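Read the single chain below, which is given as C-alpha coordinates and is the form predicted on its own.
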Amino acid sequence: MDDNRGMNVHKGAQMLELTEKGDERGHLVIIEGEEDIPFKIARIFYIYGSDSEVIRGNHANRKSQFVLINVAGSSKVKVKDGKGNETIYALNRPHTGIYLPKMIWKEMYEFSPDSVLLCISDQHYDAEEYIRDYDEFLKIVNG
(Lines give C-alpha, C1' and ligand atoms only; values in the text may rest on other atoms or scores of the structure.)
Protein backbone atom coordinates (compact mmCIF):
# COMPACT_ATOMS: atom_id res chain seq x y z
CA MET A 1 0.00 0.00 0.00
CA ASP A 2 1.24 3.50 -0.82
CA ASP A 3 1.77 5.88 2.10
CA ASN A 4 -0.89 8.26 0.80
CA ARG A 5 -3.40 5.51 0.15
CA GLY A 6 -5.12 2.87 2.21
CA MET A 7 -6.16 2.50 5.79
CA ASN A 8 -5.47 0.33 8.77
CA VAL A 9 -7.62 0.01 11.89
CA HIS A 10 -9.51 3.19 12.75
CA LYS A 11 -10.62 4.27 16.17
CA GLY A 12 -12.75 7.20 15.07
CA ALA A 13 -14.05 9.33 12.25
CA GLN A 14 -11.36 10.83 10.05
CA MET A 15 -10.73 12.46 6.70
CA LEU A 16 -9.55 10.33 3.80
CA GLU A 17 -7.51 11.51 0.84
CA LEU A 18 -8.34 9.30 -2.13
CA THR A 19 -6.11 8.52 -5.08
CA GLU A 20 -6.78 10.98 -7.88
CA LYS A 21 -5.35 10.65 -11.37
CA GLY A 22 -5.82 13.05 -14.20
CA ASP A 23 -4.54 14.85 -17.22
CA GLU A 24 -5.93 17.19 -19.87
CA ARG A 25 -8.81 14.73 -20.42
CA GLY A 26 -10.13 15.02 -16.87
CA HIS A 27 -9.82 13.31 -13.51
CA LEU A 28 -10.38 9.83 -12.11
CA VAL A 29 -10.75 8.98 -8.42
CA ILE A 30 -10.05 5.42 -7.34
CA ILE A 31 -11.86 3.73 -4.44
CA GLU A 32 -11.02 0.10 -3.72
CA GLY A 33 -12.39 -1.77 -0.71
CA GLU A 34 -9.73 -2.74 1.85
CA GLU A 35 -7.23 -0.52 0.03
CA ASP A 36 -8.52 3.05 -0.17
CA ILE A 37 -11.21 2.47 2.44
CA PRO A 38 -10.86 0.21 5.49
CA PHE A 39 -13.52 -2.37 4.66
CA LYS A 40 -15.06 -4.57 1.97
CA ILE A 41 -17.80 -2.74 0.10
CA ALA A 42 -21.30 -4.22 0.55
CA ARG A 43 -23.53 -1.25 -0.31
CA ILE A 44 -23.34 2.03 -2.20
CA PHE A 45 -25.98 4.73 -2.26
CA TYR A 46 -26.05 8.46 -2.87
CA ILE A 47 -28.03 11.44 -1.67
CA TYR A 48 -28.98 14.28 -4.00
CA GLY A 49 -31.72 16.88 -4.33
CA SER A 50 -31.56 17.91 -0.65
CA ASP A 51 -31.65 21.65 -0.11
CA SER A 52 -29.46 23.56 2.32
CA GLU A 53 -32.09 23.50 5.09
CA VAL A 54 -32.44 19.69 5.15
CA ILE A 55 -30.66 17.57 7.76
CA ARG A 56 -30.08 13.94 6.73
CA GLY A 57 -28.77 11.11 8.84
CA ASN A 58 -29.59 11.85 12.47
CA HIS A 59 -28.64 8.32 13.45
CA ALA A 60 -25.88 5.94 14.46
CA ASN A 61 -25.34 2.39 13.26
CA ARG A 62 -24.62 -0.60 15.47
CA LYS A 63 -22.78 -2.55 12.73
CA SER A 64 -22.24 -0.38 9.65
CA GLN A 65 -19.12 1.57 8.80
CA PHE A 66 -19.31 4.28 6.13
CA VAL A 67 -17.20 6.43 3.85
CA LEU A 68 -18.92 9.63 2.67
CA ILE A 69 -17.70 11.57 -0.38
CA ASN A 70 -19.29 14.58 -2.05
CA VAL A 71 -18.63 13.60 -5.66
CA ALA A 72 -20.33 16.84 -6.77
CA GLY A 73 -21.09 20.01 -4.87
CA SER A 74 -20.64 20.22 -1.13
CA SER A 75 -22.15 19.37 2.23
CA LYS A 76 -21.18 19.24 5.87
CA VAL A 77 -21.18 16.25 8.20
CA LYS A 78 -21.35 16.60 11.98
CA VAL A 79 -20.19 13.54 13.90
CA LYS A 80 -20.53 12.88 17.63
CA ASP A 81 -19.09 10.01 19.64
CA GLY A 82 -21.57 10.39 22.53
CA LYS A 83 -18.76 11.15 24.97
CA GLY A 84 -18.63 14.90 24.38
CA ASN A 85 -16.51 14.89 21.22
CA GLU A 86 -17.98 16.52 18.13
CA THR A 87 -16.41 17.34 14.76
CA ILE A 88 -17.78 19.04 11.66
CA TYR A 89 -16.35 17.99 8.31
CA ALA A 90 -16.76 20.03 5.12
CA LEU A 91 -16.98 17.75 2.09
CA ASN A 92 -16.29 19.83 -1.00
CA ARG A 93 -13.66 18.00 -3.06
CA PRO A 94 -14.48 14.80 -4.99
CA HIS A 95 -11.18 13.16 -3.97
CA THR A 96 -11.65 13.52 -0.20
CA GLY A 97 -14.11 11.87 2.12
CA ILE A 98 -14.66 10.86 5.69
CA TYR A 99 -14.50 7.46 7.28
CA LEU A 100 -17.19 6.85 9.92
CA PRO A 101 -16.83 3.77 12.11
CA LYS A 102 -19.84 2.05 13.65
CA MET A 103 -21.49 3.70 16.67
CA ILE A 104 -20.86 7.29 15.54
CA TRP A 105 -23.78 9.74 15.42
CA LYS A 106 -23.94 11.50 12.06
CA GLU A 107 -25.83 14.48 10.65
CA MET A 108 -25.42 15.60 7.04
CA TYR A 109 -26.53 19.15 6.18
CA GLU A 110 -25.86 22.39 4.23
CA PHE A 111 -26.15 20.62 0.89
CA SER A 112 -25.26 22.78 -2.10
CA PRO A 113 -27.83 22.75 -4.94
CA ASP A 114 -25.57 20.44 -6.99
CA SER A 115 -24.58 18.15 -4.10
CA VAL A 116 -24.27 14.42 -4.71
CA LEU A 117 -23.16 12.70 -1.51
CA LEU A 118 -21.83 9.20 -2.18
CA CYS A 119 -22.17 6.78 0.76
CA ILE A 120 -20.20 3.52 0.86
CA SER A 121 -20.89 0.91 3.55
CA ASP A 122 -19.57 -2.45 4.65
CA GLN A 123 -23.09 -3.74 5.47
CA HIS A 124 -26.28 -4.36 3.55
CA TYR A 125 -29.24 -2.30 4.74
CA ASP A 126 -30.80 -3.51 7.99
CA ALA A 127 -33.27 -1.12 9.67
CA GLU A 128 -32.77 -2.90 13.01
CA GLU A 129 -29.16 -1.76 13.34
CA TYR A 130 -30.03 1.94 13.13
CA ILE A 131 -30.22 3.99 16.33
CA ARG A 132 -32.43 6.99 15.53
CA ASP A 133 -32.87 8.42 19.04
CA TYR A 134 -29.89 10.41 20.34
CA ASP A 135 -30.71 9.74 24.01
CA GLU A 136 -30.73 5.99 23.32
CA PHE A 137 -27.38 6.35 21.52
CA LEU A 138 -25.94 8.16 24.56
CA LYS A 139 -27.13 5.42 26.93
CA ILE A 140 -25.55 2.71 24.75
CA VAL A 141 -22.13 4.34 24.32
CA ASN A 142 -21.91 5.44 27.95
CA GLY A 143 -23.06 2.15 29.48
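Numbering starts at 1 and follows the sequence shown. For clarity, every value in this text was computed on a predicted model and none was experimentally measured.
This protein has a second form, the form predicted together with ligand TYD, left out of what is shown; the following refers to that one.
- Heavy atoms within 4.5 Å of ligand TYD in the predicted bound form belong, among the stretches 40 to 48, 88 to 96, 27 to 35, 71 to 79, to residues of 40 to 48.
- Contact annotation for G57: at least one heavy atom lies within 4.5 Å of ligand TYD in the predicted bound form.
- Proximity of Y130 to ligand TYD in the predicted bound form falls within the 4.5 Å heavy atom cutoff.
- Contact between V67 and ligand TYD in the predicted bound form is not found at the 4.5 Å heavy atom cutoff.
- When contacts are judged by a 4.5 Å heavy atom cut-off, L100 does not count as touching ligand TYD in the predicted bound form.
- Residues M108, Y125 are the ones in 104 to 129 with at least one heavy atom within 4.5 Å of ligand TYD in the predicted bound form, listed in sequence order.
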